[in-house]
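Take a look at this single chain, the form predicted alone, given in structure tokens.
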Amino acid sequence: MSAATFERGYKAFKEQIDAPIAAYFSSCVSCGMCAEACLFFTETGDPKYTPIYKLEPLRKVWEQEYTLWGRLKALLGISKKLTDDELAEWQELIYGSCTMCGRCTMVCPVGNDLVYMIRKAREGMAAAGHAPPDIIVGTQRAITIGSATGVGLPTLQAQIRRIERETGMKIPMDVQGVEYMALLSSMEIMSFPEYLEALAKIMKYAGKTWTLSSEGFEATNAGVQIGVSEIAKELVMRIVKAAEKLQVKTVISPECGHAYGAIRWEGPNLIGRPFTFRVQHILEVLDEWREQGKLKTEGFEKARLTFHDPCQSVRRGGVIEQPRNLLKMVASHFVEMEDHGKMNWCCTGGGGVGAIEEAHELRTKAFNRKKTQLDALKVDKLVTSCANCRLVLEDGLEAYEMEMPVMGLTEMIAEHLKEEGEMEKDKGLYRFSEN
């Protein structure tokens, strides 16, 4: 790596050190509790995977540039300045062994947000040229094609034509003035198109107006994952412009935890202004309709099943009770994992880790934590509400030779909708009428 690139990265590290970062490093008591909350540490026993240790490059820059003691140690030769070789070594720790799940933050006795710190560290790493090649390629695709996996509009249009042909339902595109604009992740388009079919079925059933946008349908944000705020801002703006052009009231984030966090929580900060529309996770929407009596289901899943809580939508996003409310509608043999809700263990593939080929072996080893959770329950089916989690869970189950289907919750709700037809409001009561 050239000296100029490293200096650009070092400058980026310095620029990331704001008041919260300084406060977090100053207040850290080196207790090590964050280690026991990280599955990369618990499943390997390697101390280098301790979350706070992953932030050593950022801590070193903070100490040497912004503290008197750090400057003195540097002058005396007690501590050496950050080097490009160190950044190359830390690439695995900052990208390949951190899903930014936030479980370490939950147990920190002084409340330090380690996810925020990792996000800042990735800004410096990316600027120094030390982001993983797989993430770099995905980011380039996101800028040029609109999707980190290369799934563009033609692929989506092909899936829409297939669904319309097979179901007879209309998937609206670029319709102005409707209530909802739905987003999708490329994983749902390619790997789980049944999500889009389920969404269309539910929308028709509830009698809601909705649309997709040809100019802003991809929900995932490669800029957030790699750590480049300008790219993250550009990708958010594509969605914002599409939603404002179509004058929708609500943007629905799909079954993707990362997408929800990127558009709902980081989005307004990235673009520097509030949205003119509401953002809701699909499960928030469905639970809202459940409360309003707009969703009626029949029958229950026969299998003994459990729910995997996606870190970004549950722990980081607060969508905790909604999936459980919905599961009560369709699952009579639902059991919770020992650690569930905001303390559930990550699938091992969030934060871009699932896209890094070099991290596959470590990720598979870390999946043993999820295997342990599932073994204790002896369940027949696993349900989740994140397409990325679903892919990673399927890979992990296959690696450990565990035969267990993984299903999306939205799809499950759609399968149990009553057959009477669309719901209509009549004299203050909801009734069903045939189409």
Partner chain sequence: MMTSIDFLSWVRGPVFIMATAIFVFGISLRLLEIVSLRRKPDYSAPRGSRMVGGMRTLFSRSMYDKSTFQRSAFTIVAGYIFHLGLFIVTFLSVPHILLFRELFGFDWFGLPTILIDAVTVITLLAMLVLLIHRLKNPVRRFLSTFENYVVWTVTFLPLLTGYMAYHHSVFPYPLMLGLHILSVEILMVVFPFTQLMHTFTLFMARWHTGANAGHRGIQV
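These numbers were taken from a predicted model, which means no experiment stands behind them. Numbering follows the first chain given and starts at 1.
The same protein also has a form predicted in complex with its partner chain, omitted here; what follows describes it.
- Residue heavy atoms within 4.5 Å of its partner chain in the model of the complex occur in exactly one stretch of 292 to 300, 173 to 181, 210 to 218, 112 to 120, and that stretch is 112 to 120.
- Judged against its partner chain in the model of the complex with a 4.5 angstroms heavy atom cut-off, the residues G152, V228 and N368 are out of contact without exception.
- Scanning K204, K73, H360, K241 against its partner chain in the model of the complex with a 4.5 Å heavy atom cut-off leaves one residue, K73.
- Contact with its partner chain in the model of the complex, judged by any heavy atom within 4.5 Å, is made by just one of M402, L377, M407, C28: C28.
- Taking non-hydrogen atoms only, E338 approaches its partner chain to within 4.5 angstroms in the model of the complex.
- Its partner chain in the model of the complex is not approached by L246, whose heavy atoms all lie more than 4.5 angstroms from it.
- In the model of the complex, I52 approaches its partner chain with a heavy atom inside 4.5 Å.
- Among residues of the shown chain, D395 is not one whose heavy atoms approach its partner chain to within 4.5 Å in the model of the complex.
- Residues of 397 to 417 that come within 4.5 Å of its partner chain in the model of the complex, judged by any heavy atom, do not exist; none qualify.
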